[in-house]
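Alright, two takes on the same chain below, each alone as C-alpha cells: structure 1 and structure 2.
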Structure 1
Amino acid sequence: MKTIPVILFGTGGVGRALLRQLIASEKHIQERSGLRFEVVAVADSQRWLFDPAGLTAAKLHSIEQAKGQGDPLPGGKPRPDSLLAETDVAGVRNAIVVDVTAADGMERVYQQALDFGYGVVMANKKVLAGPWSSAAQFYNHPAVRHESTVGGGQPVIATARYLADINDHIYAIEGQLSGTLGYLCQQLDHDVPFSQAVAEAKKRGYTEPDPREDLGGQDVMRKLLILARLAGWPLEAADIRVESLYPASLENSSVTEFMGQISAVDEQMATRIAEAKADGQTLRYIGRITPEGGQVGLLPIAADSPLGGLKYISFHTALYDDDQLMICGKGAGVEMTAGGVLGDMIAVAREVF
C-alpha cells in the first residue's frame, strides 16, 4: 500500500466535492489501486490547516461541512507565505498538490511543488492558459495532470494527449465548452429573454457570483487555449477572438447594477436567435481553433448537428478525417470535476511515485 500525502488548495464547490469523494472512496481506492491518500494540508484564501500525520476523516468532514456553510476553516491558522516550504521542512515527501482554486499566481506554487518532487493536479486553468513562456513547462510534465480544466472531468485532455502521443495530425478543435453558456443558449431557444435567462442561471448557481465572468467568454477562451497547446500549437490568448455577451459599457458597474442593466441586450439577442431559427439554425456559444488561431462566440449552428445538441467537443484529425472524434456528455458540475481531479491524483500516484 502506497501512502500519498495530499496538499489541497481550495475548499469551494470542487474542493468540498473532492473531500467528500476522498472520504467515500477511501476503501475502494485502497483495494483497487493500492493507494492511501492522506490529506495533510487544506488551504483556502485566508487560512490553512496542516498536520504532517494526516487530517482524519472526521476532520475532513468537519472542514467540508464548515466551508459549505460559509464558515472559516475550523481550527485553521493564518496562511504562511509559502505553505510548501512548511510541508517540506516538516518532512512531507512524494505529495500531490491539488489546485482547485481559481486564484491567479499559482505558477510559483506549482514550480515549488515540482522542485520538492511533488506531483501537481489542477482544475484551475489560469496558469496553463497564461503566457506560453511560463505555461510551457507544465504541459506534458509527467508529474502534472489537469483533466478537469476542460470538459469537467470527461476524458478530453486524455484524448488530446493521446492524439498528440500517437502523432495524429490535429487540424482543428471545436466545442461547446461552457455548461453555463450552454444553459443560456437553451433558454434562448425557448424564447426566454436573455436577461431573464441570466438571472435564472445566477439564481440556480450556474454562473459565477458575478455572471460577467461567464458571459465575457474568458473561461471558454482558456479551455480552448489549453486544448490548442496540447495539440502542439503554442498560441497565446491574443490569438483567440472572444465575443463577450455583454457590452463594454457594463464592465465597471456593480453586480446589482449589471443585473439591472443587462436587459439592454435582450432585443439584439432575440433578433439574432430569430434570424438563426429562420435559417433552421440555432445559436450556440462555440469555441473553434486551428494552428493559426481561434474564435469564441455565439454562432449559428445547424440545430440537428452535434454542436447544436450541446455538450460536444470534437477533434478534426488526419486519422479521424471523414468522421471527427467527439466526446459528449455532461461537461459541468462540481462532482464530475472533482472526479476528474481524483482520477488525476490516482494517475500521478500510480505512474510517478
Structure 2
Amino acid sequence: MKTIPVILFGTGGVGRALLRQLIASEKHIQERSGLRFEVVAVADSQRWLFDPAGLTAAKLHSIEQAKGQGDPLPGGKPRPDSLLAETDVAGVRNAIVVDVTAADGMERVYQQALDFGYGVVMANKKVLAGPWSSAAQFYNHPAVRHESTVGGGQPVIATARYLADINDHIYAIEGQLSGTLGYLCQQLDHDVPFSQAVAEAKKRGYTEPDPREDLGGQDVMRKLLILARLAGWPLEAADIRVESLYPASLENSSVTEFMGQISAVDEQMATRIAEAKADGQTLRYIGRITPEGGQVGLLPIAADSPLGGLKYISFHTALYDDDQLMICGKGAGVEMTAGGVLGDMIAVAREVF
C-alpha cells in the first residue's frame, strides 16, 4: 500500500465533493489501485489547516460540513507558496497538490510544487489558459493532470492527448463546452426566463461561484484554448472571439447585485428564442476553434442536429474526417468535476509515484 499525501486548495462545491469522494472511496481505491490518499493540508482563500501526519476521515468530514455551512477553517492565513514551503520543511514527500479553486496567479504554486517533486492536479483553468509563455511548461508535463478543466468528468482531455500521441492531425474542435450553458439553453427551450434559469443553475452548483465566469463566455473560451493548445496550436485568448450573455453595465457589480439585476436580459433573450423557434431552430452556446483561431457564442442551430442535442464535443481530424469523434455525456456539477479530479489523482499516483 502506497500512501500519497494530498494538499488541497479550495473548499467550495468541488473541493467539498472531492473530500466526500475521498472518504467514501478510500477502501475501493486501496483495493483497486493499492493507494491510500492522505490529506495533509486543506486551504481556502482565507485560512488553512495542516497536519503532516494526515487529517483523519472524521476531521475531513467536519471540514466538509463546516465549509458547507460557510464556517471558516480553523487555521492561519499563509500565502499558497508559503504553505507548500511548510509542507516541504515538515518532510512531506511525493505529495499531490490539488487546485479546485478559480484563483488567479497559481503559476508560482504549481512550479514550486513541481520543484519539490510533487504532482499537480487542477480543475482551475486560469493558468493553462494564461499567456502561452507561462502556460506552456504545464502542458504535457508528466506530473501534471487537468482532466476536469474541460468537460467535468468526461474524458475530453484524455481524448485530445490520445489524438496528439498518435499524430492524428486535428482540423477543428467544436461543441458545447459548458454544461452550465447547456443547462441554461435547455431551460430556455422550455420558456423558462433567463434570469430564473441562471438562478437555478447557481443553486445547483452548475455555475462558477461568480456566474459571470460562465455567462461571459470566459469559461468556455478557456476550455477551448486549452484544447487548442493540446492540439498543438499555441493560440492566445485574443485569438478567440467571445459573446457575453450579460451587458457590460453589470460587469463590476457584486455577485449578489448581479443576480438581482440579470432579469434585465430576460426580454432580449426571449426575443432571440422566439426568432429561433420561428425558423425551426434552437439556441445553443457553441465554441469552435481551428489552428487560425476560434469563436464562442449563442447561435441558432437546427434542433435535430448534433449541436442541437446538447452535451457533446467533437474532434474533426484526419482519421475522424467523414464521421467526427464525439464525446457526449453529463458535463456539469460538482460531483462530476470532483470525480475527474480524483481520477487524475489516481493517474498521477500510479504513473509518477
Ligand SMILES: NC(=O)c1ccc[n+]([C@@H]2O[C@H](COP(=O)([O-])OP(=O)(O)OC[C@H]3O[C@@H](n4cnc5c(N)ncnc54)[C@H](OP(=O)(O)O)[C@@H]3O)[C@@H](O)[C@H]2O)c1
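Heads up, when I say rigid core I mean the largest set of C-alphas that superpose within 1.5 Å between the two forms. Everything numeric here is computed off the predicted structure, so don't read it as measured data. Along the sequence of structure 1, residues get numbers from 1 upward.
Only structure 1 of the pair represents the form predicted in complex with this ligand. Taking 2 Å as the criterion, R79 counts as shifted between structures 1 and 2: its C-alpha moves by at least this amount when the rigid core is aligned. After superposing the rigid core, the C-alpha of T159 moves by less than 2 Å between structures 1 and 2. Relative to the superposed rigid core, the position of the CA of F194 differs between structures 1 and 2 by 2 Å or more. Aligning the rigid core leaves the CA of K203 displaced by 5.2 Å between structures 1 and 2.
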